[in-house]
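Shown here is one chain on its own, the form predicted alone, set out as structure tokens.
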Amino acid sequence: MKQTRTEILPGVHLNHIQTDKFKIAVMSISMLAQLDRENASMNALIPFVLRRGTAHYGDIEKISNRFDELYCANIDPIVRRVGEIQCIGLMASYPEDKYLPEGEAVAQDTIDLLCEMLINPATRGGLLIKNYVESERKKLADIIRSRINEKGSYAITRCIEEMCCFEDYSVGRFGSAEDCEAIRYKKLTQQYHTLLETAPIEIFYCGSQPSKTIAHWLKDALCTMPRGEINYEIGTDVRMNSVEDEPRIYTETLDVTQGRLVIGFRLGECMEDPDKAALSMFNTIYGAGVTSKLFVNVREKLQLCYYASSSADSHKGLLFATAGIDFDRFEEAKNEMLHQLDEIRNGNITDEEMAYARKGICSDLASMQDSQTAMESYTISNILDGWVVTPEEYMELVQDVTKEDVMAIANSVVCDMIYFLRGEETEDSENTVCIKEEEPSC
């Protein structure tokens, strides 16, 4: 699958993958903004409001009827955080024309509807419709609050909030429930117009239509979009050192039966010139997969936890090692998770571990090409890193990673935060908070 990237309008780039592999086509339009506390919730709310209606299809019922006319096409909101960049927009999926009854075609009409949602939403008196804003605002606030229901991801989120408390990265992709509830339709309209005029826009397409055809359709559909001075001054602040000399420890109490341990690391000096393939190998060997050191040793051999894994954010330069544990096994689990990192630092990596890691990464990259939404996420993520590499090229880079490359990353990593979510009262300390589950902290 060949991928091209072209600027079709000021600050608007089309990332095009032409393929006959799928029976549906996918297109996303993402506006890019700097993630910050002041605007995060407003930005996140915008695509949900845009999805409620357009100038021609004024409510959700008319939108749904139009989807039916387009052979069950669909358009959904997008809200992502990539490093400290917030990506907000819409994603459309629709059947390829060649699979429809003879003489039927929906590709251009669906793209027109997608663009209309973006630049010509339903308004009253030039403002986004108040009832739509209030309804979607309440739903979004509920989504933010509901994060506490999934304790594993909640623990990682809380670790990020405490570890990066003075950085924009601590702001969630949806912002906060309090900020969301404070949004009013007039201010949201103003923010919407600001984004439309100044935000860089990335469009992703994966389907059978050639690039020139898609670019032509998009230019026609977006020709009335107001564009001013594009704000290219967005990016991610990568901090390589821990905040304090010793790792900070933060304990939180909820009504849970299983503890969640999260160890947050800064990836350190390796982020001066990051090698994403080597970072992937390191993370896979450490904790990402069933052949990793965390899984094999901490979970299987020593049985210190119910699960153990790691995840790396190469945009921000962070690593998180997580485990589900009994409350009284905090010290044992923490020490062993840190010990397994030391094992990598000291070069205790077998050839089998290297081979399994390569195989796992390449398998993930290969299977990703069977999912258009996965390719969309991969493409936009790499663009924001300034790292345009195809999955096939990535696989080749992974083959060249050596044990010494993995050791170098491990020796660059610095522990910054140890977060523990437990289910009973702990000794009073300034680093301990107690939160009842029915009163979530957002």
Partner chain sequence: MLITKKEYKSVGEYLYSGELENGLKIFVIPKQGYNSQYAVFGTHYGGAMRRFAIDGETIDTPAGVAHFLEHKMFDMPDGSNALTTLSENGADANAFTSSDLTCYHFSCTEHFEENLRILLQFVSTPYYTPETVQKEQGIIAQEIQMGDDSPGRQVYYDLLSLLYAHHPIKDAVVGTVESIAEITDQTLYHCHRVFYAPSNMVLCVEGDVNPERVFEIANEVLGSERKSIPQADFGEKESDLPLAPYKERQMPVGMPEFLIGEKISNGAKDTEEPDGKSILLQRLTAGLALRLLAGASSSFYTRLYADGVLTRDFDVEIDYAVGTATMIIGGQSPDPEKVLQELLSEVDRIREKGFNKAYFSRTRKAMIGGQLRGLEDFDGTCVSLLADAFDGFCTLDVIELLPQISRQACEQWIADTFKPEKLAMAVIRPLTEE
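All values reported here derive from a predicted model rather than from experimental measurement. Residue numbers count along the first chain shown, from 1.
Keep in mind the form predicted in complex with the partner chain is missing from the figure; the text below concerns it.
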| property | result |
| --- | --- |
| Candidate stretches 231 to 239, 256 to 264, 165 to 173, 338 to 346 - the one whose heavy atoms come within 4.5 Å of the partner chain in the model of the complex | 256 to 264 |
| The partner chain contact in the model of the complex: residue 145, any heavy atom under 4.5 Å | yes |
| Partner contact for residue 247 in the model of the complex: the partner chain, 4.5 angstroms, heavy atom | no |
| The partner chain contact in the model of the complex: residue 149, any heavy atom under 4.5 Å | yes |
| Heavy atom of residue 73 within 4.5 Å of the partner chain in the model of the complex | yes |
| Joint contact, 107, 271 and 283 to the partner chain in the model of the complex, by non-hydrogen atom at 4.5 Å | no |
| Proximity to the partner chain in the model of the complex, single hit among 291, 297, 157, 123 (heavy atom within 4.5 Å) | 291 |
| Listed residue that, although the partner chain is not shown, lies within 4.5 Å of it in the model of the complex (heavy atoms), from 369, 211, 198, 208 | 369 |
| Interface residues of 11 to 35 toward the partner chain, as seen in the model of the complex [heavy atoms, 4.5 Å] | 21, 22, 23, 24 |
